[in-house]
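Here we start with a single chain on its own, the form predicted on its own, put down as structure tokens.
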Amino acid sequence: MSERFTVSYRIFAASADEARARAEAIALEQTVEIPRDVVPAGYVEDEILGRVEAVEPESGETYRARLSYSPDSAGPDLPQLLNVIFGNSSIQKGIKVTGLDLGPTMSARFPGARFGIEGLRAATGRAHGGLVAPVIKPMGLSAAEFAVTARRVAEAGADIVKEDHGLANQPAAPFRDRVPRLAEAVAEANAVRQAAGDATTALYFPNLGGATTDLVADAYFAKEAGAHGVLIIPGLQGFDAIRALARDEGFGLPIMAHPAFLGPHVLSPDTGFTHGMMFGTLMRLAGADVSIFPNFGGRFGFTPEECTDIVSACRDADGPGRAILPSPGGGMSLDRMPEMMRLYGENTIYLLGGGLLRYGDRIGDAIRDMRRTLG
């Protein structure tokens, strides 16, 4: 039989006995979903049924529970693995997922990111220092206008030219009109950099924001047009959209994951996932190479502790697959770059979007300032 994988939960309960009972209920709910007294003996009871491995006190009203599950309960597919981790139990109050240990069998089935930190550093040629990622926005501009900005920031030293997650198939700049123009603009900027003796390269990541049925075709279209990676919103397209492209040998480009639509999974103190689990562990499990998250102090509500939890989960050597790059953003400004660099360090992609637009034609100066700050 295969080695089991383990999920850790925070259980809210009034006593140790209640916590144990809730853990036993999770073991049933996440696997057989029938009363304990009718679980079939043999393979179902011995292998498929979830097992409570430990329940320990954490605080006055919370307990740490570790449950193990058979790889046979998840099978080879990511949606079912996520279903076993936190399917029906996610509909109940007072349960929060805090950790995941895949074990050897499931680690082999879900190898994680294709590129990770080392692969993206190799692709950009940026061996050291934080990576600079200006965001192309806002929706409503034309593809030609976006291309002007893309060329300016790429020529000035951007590492990743990232489209805003709100750019999809709007009439002002539809995907298949926009992507070739921006890819060409970034390629022209890279040629200028190389002619000047710059050994680094700007990578262009368009957003796959169209219909899910078009996602793979759009990804291949972007690659053929000259894009170097893609942005996916797993809260809208599904985590398995990342996995499918990450494991597609013919595609073979890095993937950034955007956090839109995932806030309700982390914002409640007593349900959902911890920040590190959602924006670190699950992104790595799906195969993302970069995980974007809202930085503290911006227009979102994450705390410094929650942000460092995300960063640790992205880069932890014990996480699923390769370590990946965390990418803080959301209402950031140039004057916060030194503070962020001190907190997050080099192996980070620093996003700056709307604040850059204040520089107008001098947007390249802002990128050069970021580059100097980030090393």
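Residues carry their position along the shown sequence, with the first being 1. None of these values were measured; they are calculated from a predicted model.
Missing here is the form predicted in complex with a further copy of the same chain; even so, the following discussion is about that form.
Practice problem: Spell it out for me: taking a further copy of the same chain in the predicted complex, does every residue among Ala147, Glu184 and Gly252 have a heavy atom no farther than 4.5 Å from it? | Solution: Not one of the three qualifies.
Quiz item: Where does a further copy of the same chain sit in the predicted complex: which of 58 to 66, 315 to 323, 339 to 347, 44 to 52, heavy atoms within 4.5 Å?
Solution: It is 44 to 52 that comes within 4.5 Å of the partner.
Exercise. Please pick, from Arg114, Arg193, Arg121, His165, the one residue with any non-hydrogen atom lying within 4.5 angstroms of a further copy of the same chain in the predicted complex.
Key: By the 4.5 Å criterion, the partner-contacting residue is His165.
Quiz item: in the predicted complex, which of the listed residues (Ala211, Ala108, Ala199, Ala127) lies with a heavy atom within 4.5 Å of a further copy of the same chain?
Solution: After the contact test, the surviving option is Ala211.
Quiz item: Closest heavy atom of Leu334 to a further copy of the same chain in the predicted complex, within 4.5 Å or not?
Solution: Because no heavy atom of Leu334 falls inside 4.5 Å of a further copy of the same chain in the predicted complex, the answer is no.
Exercise. Using the partner position in the predicted complex, report whether Thr274 sits within 4.5 Å of a further copy of the same chain, counting heavy atoms only.
Key: Thr274 lies outside the contact set for a further copy of the same chain.
Quiz item: So, in the predicted complex, is Arg362 in contact with a further copy of the same chain at a 4.5 angstroms heavy atom limit?
Solution: Result no; Arg362 lies far from a further copy of the same chain in the predicted complex.
Quiz item: Is there any non-hydrogen atom of Arg243 lying within 4.5 Å of a further copy of the same chain in the predicted complex?
Solution: Because a heavy atom of Arg243 falls inside 4.5 Å of a further copy of the same chain in the predicted complex, the answer is yes.
Quiz item: For 129 to 143: residues with a non-hydrogen atom within 4.5 angstroms of a further copy of the same chain in the predicted complex?
Solution: The stretch touches the partner through Lys137, Pro138, Met139, Gly140, Leu141.
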